[in-house]
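Shown here is one chain on its own, the form predicted alone, set out as structure tokens.
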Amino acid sequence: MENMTNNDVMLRLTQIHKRFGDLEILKGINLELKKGEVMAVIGPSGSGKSTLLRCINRLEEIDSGKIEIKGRVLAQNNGENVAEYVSEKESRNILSCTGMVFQQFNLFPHMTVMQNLLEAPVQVQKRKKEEVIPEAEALLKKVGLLEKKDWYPSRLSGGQQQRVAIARALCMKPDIMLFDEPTSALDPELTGEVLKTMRELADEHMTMMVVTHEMNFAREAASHVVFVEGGVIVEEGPARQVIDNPQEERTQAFLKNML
């Protein structure tokens, strides 16, 4: 846990730039996520929020900048100002403390709910199945789905599938949870049950970064809100301050449409 004294910074992004072809999506993003903090990242579609999250988990690679996770460098600039990543093995090691939940639930359709939860701890972390099963059952109970443990995903509602996806990510015992618009594929009545699960995680001081368009969740459950537009951070601060009393015109205009 090197360099963790700095107020327990779990994630530090420094001058993150990312392009797709000629299009610059992220234009020098600087962010710090501290231990136990719930950061909501808000902003219009196409502003770079999801790309930012995917860069943290190396699902996309940055062009320049520095990514540090729990004090360990995942990527940083070389002499030519181009980001270089650590080896694949070290990268997997560093990223093993992160869990991610996507817009689409990405459950394995040919596996039961329980098998979905056991797959990564057993195959990736090489843990014993009998050791993981009680933990998986406890997590399914936590998200209210223990009685569905032998069901296949196709029998579940979208909200139930997303709660299984959250339990599956938690089964890897991550220190940081990343959520990419976890309710955007859900009907409004199913959104509530997923947000309830996420609120409970927030209450337990799980370190979370949530890209979301749910402003009430951002106000109530997040400790910190970041407003991104056009690939830059326009405004950030305590959740209620940013959402109830935004200082920047662009934030004000965005929230007027959202609330």
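Everything numeric here is computed off the predicted structure, so don't read it as measured data. Residue numbers run from 1 along the displayed sequence.
Just so you know, the form predicted in complex with a small molecule exists too; it's not on screen, but the next bit is about it.
Visitor: Scan 63, 32, 220, 60 and let me know which has any heavy atom within 4.5 Å of the small molecule in the model of the complex.
Guide: For this set of options, the contacting one is 60.
Visitor: Identify, from the list 44, 36, 28, 192, the residue with a heavy atom within 4.5 Å of the small molecule in the model of the complex.
Guide: In short, 44.
Visitor: Going by a heavy atom distance of 4.5 Å, is residue 51 a contact of the small molecule in the model of the complex?
Guide: Yes.
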